[in-house]
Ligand code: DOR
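Encoded as structure tokens, the following chain is the form predicted alone, with no partner shown.
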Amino acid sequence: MLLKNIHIVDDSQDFTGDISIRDDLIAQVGVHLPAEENTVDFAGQDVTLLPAFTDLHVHFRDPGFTYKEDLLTGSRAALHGGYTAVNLMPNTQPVCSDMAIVHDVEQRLRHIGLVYGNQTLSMTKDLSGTDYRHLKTLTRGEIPFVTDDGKGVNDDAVMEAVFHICKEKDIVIMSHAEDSRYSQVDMRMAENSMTFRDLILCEKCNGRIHFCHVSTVEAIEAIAKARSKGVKVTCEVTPHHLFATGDEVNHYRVNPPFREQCDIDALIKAIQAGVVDAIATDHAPHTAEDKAKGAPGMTGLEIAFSLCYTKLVRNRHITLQKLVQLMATTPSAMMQLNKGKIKAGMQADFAIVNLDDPYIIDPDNFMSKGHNTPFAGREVYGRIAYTVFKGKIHSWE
């Protein structure tokens, strides 16, 4: 296949040209490449080709909560949002606390064949916050991430022990920084106190940690300070924590909560300074009934690029190339995937987007089972027109 006469942008290049694809890989990138038997000519179409996105943080609710989402609908939602790789959280039912569940989920995702998926393992057994014996049975390099996402580990001794095991096994800890002792009183304190604690333990143990959905000025400043000292820490922020304050969405319930303008400003400043490694959605689909009962979270995969492009690029906080780095290049590298850049030898995974025409977010158009979003009716830019996974084009127009 040859994709011809299309605007191409990745983290290091921006030009109009051609991409040839063979055996699911990019064979050549250039200008005026020789015609192929199957040529798709984008001349006259106002679209831009980007590397397809990789999401470090999603909930597909499978097994156990498939009335909210399942692997098929989650894969379709990811693809519809320009994503071809996702990292699944373990707070399912049963909790993903053993490798049999990891292998089952990943095998079923491969069978569906719409996106690549990595299933994380829980840091403590059944998210108990106390039992970590299952980590000792892992072989080095068997799994890239462990996390108790949805809960923080309050016990300092348990967390320190987990750091030591993960260092030995070459595993990155993904921290949901929330000290539950403060959750009912002060969610800012809940995030900040556990962020500070985890940074101290990471430095003490010479481990590796990745902070999920950082949302406060205090937490991101602490991470920046730790990085300057050589602590092995990475972090992600979400599109929704960048896009709106709590007041702007009537304090729609997500966890961590929508914050204040000073927090948004600090997160954007950290993005500009290179402190933030990735933008991840924390895609959390729920039924309308569960949201009415207070379930925290929102669907994110299908509007993530639009929220970020509208907020960050159109407002000139960052370039489109920087956004590609945050949504594709770096998270793909963190998951050790052969994608995230437009160059020969990389997997032929692309998001082809219309950057100039505004559209209204309509949850009825979501492919996710979850329609829960505070952004219905918002005008945004950056509609995904096509997604290409392993050289196969999926059209959304």
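Each residue number is its position in the shown sequence, starting from 1. Only a predicted model underlies this, so the values are computations on that prediction, with no experimental measurement involved.
Here the subject shifts to the form predicted in complex with the named molecule, a form of this protein not shown in this document.
- Gly297 is the sole member of Gly129, Gly297, Gly207, Gly117 with a non-hydrogen atom lying within 4.5 angstroms of the named molecule in the predicted bound form.
- When you look in the predicted bound form, the only residue of Glu302, Asp198, Asp282, Glu191 with a non-hydrogen atom within 4.5 Å of the named molecule is Asp282.
- The stretch from 57-65, 362-370, 338-346, 27-35 that comes within 4.5 Å of the named molecule in the predicted bound form, counting heavy atoms only, is 57-65.
- By the criterion of a heavy atom within 4.5 Å, Asn255 is counted among the residues contacting the named molecule in the predicted bound form.
- Within 4.5 Å of any heavy atom of the named molecule in the predicted bound form lies no heavy atom of Thr73.
- Residue contact with the named molecule in the predicted bound form: Asn91 places a heavy atom within 4.5 Å of it.
- Contacts between 212-242 and the named molecule, taken as any heavy atom within 4.5 Å in the predicted bound form, involve only His213.
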